[in-house]
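First, one chain by itself: the form predicted on its own, in structure tokens.
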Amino acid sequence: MLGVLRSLTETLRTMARKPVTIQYPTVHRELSERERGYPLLLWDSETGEPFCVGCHACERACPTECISVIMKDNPLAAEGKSKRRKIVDQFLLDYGRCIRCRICVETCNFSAIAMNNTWDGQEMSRYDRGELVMDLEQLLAKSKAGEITPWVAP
């Protein structure tokens, strides 16, 4: 009899508390600042160029080889408007192969790569794997819009 009363008490207590379920497609849980989304490139608004100088360090360090970087001569350097002689021509990142290990962020000497800590950086499912290959403009879009702030160690 005592066991039945305890179980009924626990059932009533559970019925009285607030639900912990959230309505997922419309409501998202709060992401921590250091959440590992997918890598993005950062835009330097002072110079009007990406922070990436194309040193290929991220490309060499990536364990899945999902990063491809191609350089070109900087036209602003010939005019004397920029200090950089070379800039990034193409930066391709295959999110389908990326394992979000953050090695590219750690190896970048110029702090040009950050992890996308928004829900757009978490929900990347697509029907076609070709849509998961991001180019330079797609990787810079969030940073140019001011939606991504790089995480700085305290």
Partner chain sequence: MLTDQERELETLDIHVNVGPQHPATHGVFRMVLTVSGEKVVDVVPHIGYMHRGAEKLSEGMDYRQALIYQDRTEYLAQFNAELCYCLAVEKLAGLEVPERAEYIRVILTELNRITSHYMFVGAFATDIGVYGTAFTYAFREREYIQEIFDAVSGDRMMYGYFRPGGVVWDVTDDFKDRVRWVCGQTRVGIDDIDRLLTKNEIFLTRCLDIGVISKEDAIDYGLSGPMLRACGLPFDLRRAEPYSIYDRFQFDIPTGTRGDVYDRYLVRMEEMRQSVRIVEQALEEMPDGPIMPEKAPRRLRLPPGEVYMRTENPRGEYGIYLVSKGGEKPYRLKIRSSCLSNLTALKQMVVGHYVADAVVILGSVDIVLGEVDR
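Just so we're on the same page, rigid core means the largest C-alpha set that superposes within 1.5 Å between forms. Positions refer to the first chain, counted from 1. All of these numbers come straight from a predicted model, not from anything done at the bench.
What follows is about the form predicted together with its partner chain, which we do not show.
Taking non-hydrogen atoms only, residue 35 approaches its partner chain to within 4.5 angstroms in the predicted bound form.
In the predicted bound form, at least one heavy atom of residue 60 sits within 4.5 Å of its partner chain.
The closest non-hydrogen atom of residue 109 lies within 4.5 Å of its partner chain in the predicted bound form.
Contact between residue 23 and its partner chain in the predicted bound form is not found at the 4.5 Å heavy atom cutoff. Here the marked residues 3, 10 and 13 all reach its partner chain in the predicted bound form, each with a heavy atom within 4.5 angstroms.
Only one of 39-47, 92-100, 123-131, 66-74 lies within 4.5 Å of its partner chain in the predicted bound form by heavy atoms, and it is 92-100.
Once both forms are overlaid on the rigid core, the distance between the two CA positions of residue 137 between the shown form and the other one is under 2 angstroms.
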